[in-house]
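In the form predicted alone, a lone chain appears below as structure tokens.
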Amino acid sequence: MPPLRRLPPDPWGKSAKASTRELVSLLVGDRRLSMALLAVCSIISGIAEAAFLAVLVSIALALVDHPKTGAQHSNLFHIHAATSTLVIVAALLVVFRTALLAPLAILPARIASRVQARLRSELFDSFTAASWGMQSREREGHMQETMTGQVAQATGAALQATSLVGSAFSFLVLLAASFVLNVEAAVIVIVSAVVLFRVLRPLNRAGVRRARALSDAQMNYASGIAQANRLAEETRVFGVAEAQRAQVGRQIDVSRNAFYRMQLIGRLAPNAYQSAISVMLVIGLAVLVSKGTGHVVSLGAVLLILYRAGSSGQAVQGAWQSLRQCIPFIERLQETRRRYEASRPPEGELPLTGIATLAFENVSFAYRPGRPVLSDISFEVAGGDTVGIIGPSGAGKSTLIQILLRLRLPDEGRYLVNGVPAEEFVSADWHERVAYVPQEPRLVHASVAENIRFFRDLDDEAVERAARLARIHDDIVGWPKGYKTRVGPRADAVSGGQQQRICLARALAGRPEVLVLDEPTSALDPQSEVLIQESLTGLREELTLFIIAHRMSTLDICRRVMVIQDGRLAAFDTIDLLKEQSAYYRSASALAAGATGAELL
């Protein structure tokens, strides 16, 4: 991918003119050549249309004056020409204008499609490069709606920009032709157009407000749909589908009303413009006829040309209105990209050839100022160690793991790798050496092999080796399609425990040096749990393991255990010493002894 284009601090001017200019620049700034070609084709098409209308009027007058001979002296062109000759000229003009339809159709489609691809690419690149903190705060459905609905509206703006260019140049060419034929009539139309554009500005501003309301409504609706999809199982169990439909129904109504108001204004302005232009044209021509101004041929040609100019003016007004209504959607895209890029974590420059030690040095972290989740955490772990992490819910275990994985940066203190701040190492080197298995398995809609590879260039041998280590290989080869079996979220093909072991295989496939597991046996039956623990025990000499434990049985393979309480490191020692020195560990062990597989509080 090419490097991302940095955004200006504030690309939106306070005036409508500045905002629209910036909008067009952002949409088609990298397609200037195509826009210039579109403008040239529009000018040529406008000239051809004006000439065709003038010839048409000349033919009509010739047929009226000389119905049999068809000969006439054209005051419009000041040449002698037979009607048959004029018909041939008209036919050639029609063919020429028809040939121009191809570039006039291809160029806008090409510009809009490339704008759409660029917006999606830039937005997704910014999202994937953003910090985990930013990604985790996004509301359900917002990213999906931004990438689809909001980008679709922005793509519509690109189409409107091309329509504005084509219609504007056609309008100007037709007006220029009318000036040649009758100055007074052309002046009437120009003055009327300028006045109407000024008069309709309040509708333009109202359209922008309605579009902003629609953008907000669409984002809320997307969040509601994403939430309904995620909670589908609970909704059925609790029997609250009716209440959920009512909630989504209200969001649909809000979106419908906003869409209706925006569309109403979007259509009202150009229609009002066309009607007013037509009225002014009739009045102007009536005045000219009453004064006996001009030849009948020129007046007839002016009539047709100015009427077509009025249609082009209506198209200009409609494109302008639609373009202005797209501003809120572009603003949201730009604001979203800006948030993502501002949160991008710093990229280190030091190569990471191996991980010998990992250490926290007085690390503290808070999601909200004054409410620390971790406070003054310090420890050091050597390569090849196996460390358990336990503590009550809300103690800060997950946050500690996120810092350990470099998903978050400490607010205070330092996270050291080989004695060097972790953020100074190249991210790509870090990702090659560190892997993670979440408590909730997350599969993609793809084959088992592709889920284990997880977008990495790994051969079949590495995939199978990882599956064997995760004790899932025998299950996979027992399925009819083996490693080609398609799995994914809510897939019926695999159980929860099998999904968890596929995720463990995914983590092991890249031969990591550090492996972080968030309760790797929570969804396994006792037999599978034993197999996984045997596999992890065999890997202890090859890996540095961190295991968040919700079951005491998970700690059996750990050499040392951290006890996190109230965001502090209450204890960090061997299991034998913790039994003597840690009241929390003794309490948790007693609970586990009282009920097989008991989970920690």
Ligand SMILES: Nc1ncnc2c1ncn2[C@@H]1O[C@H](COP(=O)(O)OP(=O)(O)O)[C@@H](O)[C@H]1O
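For every residue, the number given is its place in the sequence shown, counted from 1. Owing to the predicted nature of the structure, the values given are computational and were not obtained by experimental measurement.
One more form of this protein should be noted, the form predicted together with this ligand, which is absent from this view; the next part is about it.
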Is there a heavy atom of G396 lying 4.5 Å or less from a heavy atom of this ligand in the predicted complex? yes
This ligand contact in the predicted complex: Y367, any heavy atom under 4.5 Å: yes
Evaluate L350 for contact with this ligand in the predicted complex, applying a 4.5 angstroms cut-off between non-hydrogen atoms, and reply yes or no. no
Partner proximity in the predicted complex: G384 to this ligand, non-hydrogen atom cutoff 4.5 Å: no
Taking 4.5 angstroms as the heavy atom distance cut-off, pick the stretch from 230-238, 310-318, 448-456, 385-393 that is near this ligand in the predicted complex. 385-393
The one residue among A129, A213, V180, V373 placing a heavy atom within 4.5 Å of this ligand in the predicted complex is V373
Selected contact from R408, R324, R337, H473, since only one has a non-hydrogen atom within 4.5 angstroms of this ligand in the predicted complex: R408
